[in-house]
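Just the one chain here, laid out as structure tokens, in the form predicted on its own.
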Amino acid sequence: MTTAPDGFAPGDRVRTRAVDPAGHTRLPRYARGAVGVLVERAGRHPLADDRARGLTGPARSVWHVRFAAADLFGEGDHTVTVELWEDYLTRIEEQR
């Protein structure tokens, strides 16, 4: 497993931020606070939230994150993959 420059790696379990920020965000409401697994990095891009506010900043990693549909919507036996900026994610450390 190769670690990306931001410290995340495919297969890491992550939780999305659960905030409801004022203004624009690319973190879908249905995915806020949800636990998923990183599938692969989808490039590096400036954070869309900042750009919507007229701010500039460095490019950040964007990840494909896979969630169980049941965890997002309360039902379903499939998965949902969402592209999310690293800024929305925190790694879930495995319990030892």
Partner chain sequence: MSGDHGSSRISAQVRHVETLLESRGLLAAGEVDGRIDEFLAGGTPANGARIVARAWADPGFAERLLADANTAIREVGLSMAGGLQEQRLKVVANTAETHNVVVCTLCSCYPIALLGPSPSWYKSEAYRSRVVRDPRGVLTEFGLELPAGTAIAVWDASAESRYLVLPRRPEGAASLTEAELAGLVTRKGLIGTAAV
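Numbering follows the first chain given and starts at 1. Not measured: the values here are computed from a predicted model.
Keep in mind that the form predicted in complex with the partner chain is missing from the display, and what follows is about it.
For V80, a non-hydrogen atom is located within 4.5 Å of the partner chain in the predicted bound form, even though that partner is not displayed. Taking the partner from elsewhere, A34 is found to have every heavy atom lying beyond 4.5 Å of the partner chain in the predicted bound form. Of the heavy atoms in V62, some are within 4.5 Å of the partner chain in the predicted bound form. The partner chain in the predicted bound form comes within 4.5 Å of a heavy atom belonging to H45. Contacts of stretch 9-27 with the partner chain in the predicted bound form, defined by any heavy atom lying within 4.5 Å, are made by T25, R26, listed in sequence order.
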